[in-house]
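Okay, so here's just one chain, in structure tokens, the form predicted on its own.
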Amino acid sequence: MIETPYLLFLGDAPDQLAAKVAQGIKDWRPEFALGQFRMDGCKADMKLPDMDLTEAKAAGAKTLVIGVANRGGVISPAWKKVLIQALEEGFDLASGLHNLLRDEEDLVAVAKACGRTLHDVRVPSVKYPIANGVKRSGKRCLAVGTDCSVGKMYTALAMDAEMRAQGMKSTFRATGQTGILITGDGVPLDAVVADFMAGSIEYLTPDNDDDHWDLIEGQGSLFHVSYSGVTMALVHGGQPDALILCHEPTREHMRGLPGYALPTLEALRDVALTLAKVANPDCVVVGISVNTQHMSEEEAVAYLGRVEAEMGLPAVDPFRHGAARLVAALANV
């Protein structure tokens, strides 16, 4: 069990999006987010109190959580100095990076000497099966995106919260490090051996009541050449009954790929639905979730209206305006 509250480590994040782990914790578990630690040159800001390690310890923080999701998931030498000092000052460390804390000999040695714990949440804890494609009871909704980091997790969390508020049966199913840190459970999908990825999602979303919905946290994008594999595992292993299309309209190119433009929502709809029907011929696209954080309210409302008219589907920003219309779209599935 990871002890709370957290001091969120933003390191030297080059932009706000690079600190999406910290952002997710701050937005969905604000009671855990005591403060933030930023190094020189950090371009991210959670609008939390800036604290050094001594201040955070005095305020009651128990765990320093690495809130940065950088390309490749690596721990830099500059970070290492802070992490070692944090252990020495009595913090546990938690990380969702591919670069595991337990593989860093100096961190392991200091943690042992100080009696502290290293939490690597991106490590599979179950021997997952190979997917069998057998239809399961219950219902499943998957968010798929035109790009990485466009709001797929926020969409699923917002829908789950709305469904629970309405007294519906639903469960948010975390598939990445941020979701796992928010909920305390899930599958670290991109750390699962490829042959078992789809099977891990079958395991995560088992048979359930006929009126129960699993809201599956999306990962990557079918159109992102770096991370499309995890998306395919979700599409086939999740056997979704419903798809939500997710988009961030202000991007000039795909995340980390300046030579690639974002696909259209029509292209996402057609490709994702075709692939989803392989595992579930009854799958349908029910709505569109648009991340409008970089738009004014007027711009957002106008854009959502245009998308809805063009696509013939409810288009909302569930974090800004609520997820009720997306939830309502599930009623006929």
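In this text, residue numbers run from 1 along the sequence as written. Think of the rigid core as the biggest set of C-alphas that the two forms share within 1.5 Å after superposition. Everything numeric in this text was worked out from a predicted model, so none of it was measured.
Heads up, the form predicted together with another copy of the chain isn't pictured, but that's what we're talking about next.
The closest non-hydrogen atom of A279 lies within 4.5 Å of another copy of the chain in the model of the complex. Although the partner is absent from this view, R116 stays clear of another copy of the chain in the model of the complex, with no non-hydrogen atom inside 4.5 angstroms. Residue contact check for T274: one or more of its heavy atoms lie within 4.5 Å of another copy of the chain in the model of the complex. Taking non-hydrogen atoms only, G90 never approaches another copy of the chain to within 4.5 angstroms in the model of the complex. The stretch in contact with another copy of the chain in the model of the complex, judged by heavy atoms within 4.5 Å, is 266-274, chosen from 42-50, 292-300, 266-274, 58-66.
With the partner omitted from this view, the residue of V110, I180, L204, L222 that lies near another copy of the chain in the model of the complex is L222 [heavy atom within 4.5 Å].
Proximity to another copy of the chain in the model of the complex, defined as a heavy atom within 4.5 Å, holds among A161, A131, I84, L101 only for A131.
Counting a residue when any of its non-hydrogen atoms is within 4.5 Å of another copy of the chain in the model of the complex, there are no hits in 147-180.
Once both forms are fitted on their rigid core, the CA atom of H98 lies 2 Å or more apart between the shown form and the other one.
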